[in-house]
Structure formats: C-alpha cells, structure tokens
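A single chain comes next, written as structure tokens; it is the form predicted on its own.
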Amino acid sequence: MTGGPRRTGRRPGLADTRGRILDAARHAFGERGFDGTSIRQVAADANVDPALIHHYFRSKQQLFVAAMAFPVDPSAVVPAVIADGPPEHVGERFAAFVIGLWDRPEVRPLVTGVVRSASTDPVAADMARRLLTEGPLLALASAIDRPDAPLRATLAGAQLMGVAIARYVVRMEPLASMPPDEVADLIGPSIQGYLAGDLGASSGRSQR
C-alpha cells in the first residue's frame, strides 16, 4: 500500500514531467515572448514546482533554447529543395516548405516564440538568424551561384521574418487565416527574386 502526497518533484514519469514543462514553456513563450514569460508561470502551467524547472534547465535561457528547438532542421532540406525542380522556382519551393512547416500545430508556437522574443533577447535573435539567414537561405543563395549570397539570404530572410510576424504574432488578416499554400504562392516569387534575381545597383554598392 502506498501513501503520502503524490506531487514530490521527482515522480516516476520524469520524461513526461520534462515534456509537460517544455509544452507549457512553448505555449508561454509563444504567447508572451521571452521577457513576458517567467519560470513561475511555466511551473504553474505545467503543475510542477519551479525548483524542478531549474533542476532540468538551470535557467530561463536554457529552458527557452530547449523549448524552441525545431523538430526539423531547414538546412537539411536544402539539397532536396534544389533538386526538386528547375532553379528558377527554387524560391517558391522553399517558401512552400517553410510556410508548411511553420503552420504545423507543433511548430507554430516555436515560430511565434522565437519571432516574438527576437527583438528583446539575444539568444532568440541568434536562433532567428540561424533559422533563416545564416542557415538554409544562405545555402540556397550559394548553391544558385549568384553574387552577393549573404545579402540575398538576408533579404529573403527579412521577407520571411516579416511574414512570420504578420501571420503568427500580429495576426494580420487576411494573411493570418490564409491556407499555407496560398501564402507560399504569394511570397514565393519575392523569395526567388531575392535569391536569384537582379538586385540592381544596390548590390554593387554593398561591395564597396
């Protein structure tokens, strides 16, 4: 026969407890951003003691990094995106992949959390850069073999970041409610233009 209180901070289902903390953290960071989220709030949402969160993650910064880890590395799909069709449509294919990924129910809070926090938290800003500009978009721009690959990746990343803010954080209509394939169709040509199009005189000035 067993007795005593059931909530002890170290329960049999430790993996479930850690997963519940991460789920609560994703929701909190997605809704309130890094600065607006506290360990105490996450603990209350996960129904655990705040000390248990510190036991697992040591700090709010480490909790944020763990909670915002993407289930898919966008950089890993770059070869498939390039090989899946003609180079003049690689931007459209990448836009379709990204918006489709971001719209997955388990991924949307991650996008919202990173984007909402990037303006105030340096770790979140670094995650956003690695997720877009310094990762898959730079690889795509380099693979297309056009000049100014870093600039092109930055411009395409800024476009996607703006879409993420408008669609998931500010929830601007009708963009927020549009099916992901329609969003991808609309922004794909812009992404393609940044990656492979003629940037004009501004590209030349960037080299001086």
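Computed from a prediction, not measured in an experiment: that's the story for all the values here. Note that residue numbering follows the sequence shown and begins at 1.
Same protein, other form: the form predicted together with a further copy of the same chain, not shown, and the subject of what follows.
If you check a further copy of the same chain in the model of the complex, you find a heavy atom from every one of 89, 92 and 187 within 4.5 Å. Screening 66, 166, 39, 144 for any heavy atom within 4.5 Å of a further copy of the same chain in the model of the complex leaves a single hit, 166.
In the model of the complex, residue 52 stays away from a further copy of the same chain, with no heavy atom inside 4.5 Å. In the model of the complex, residue 43 stays away from a further copy of the same chain, with no heavy atom inside 4.5 Å. Contact check for residue 129: a heavy atom falls within 4.5 Å of a further copy of the same chain in the model of the complex. Residue 179 falls outside the set of residues with a heavy atom inside 4.5 Å of a further copy of the same chain in the model of the complex. Contacts between 157-179 and a further copy of the same chain, taken as any heavy atom within 4.5 Å in the model of the complex, involve 158, 159, 161, 162, 163, 165, 166, 169, 170, 171, 172, 173, 174, 175, 178.
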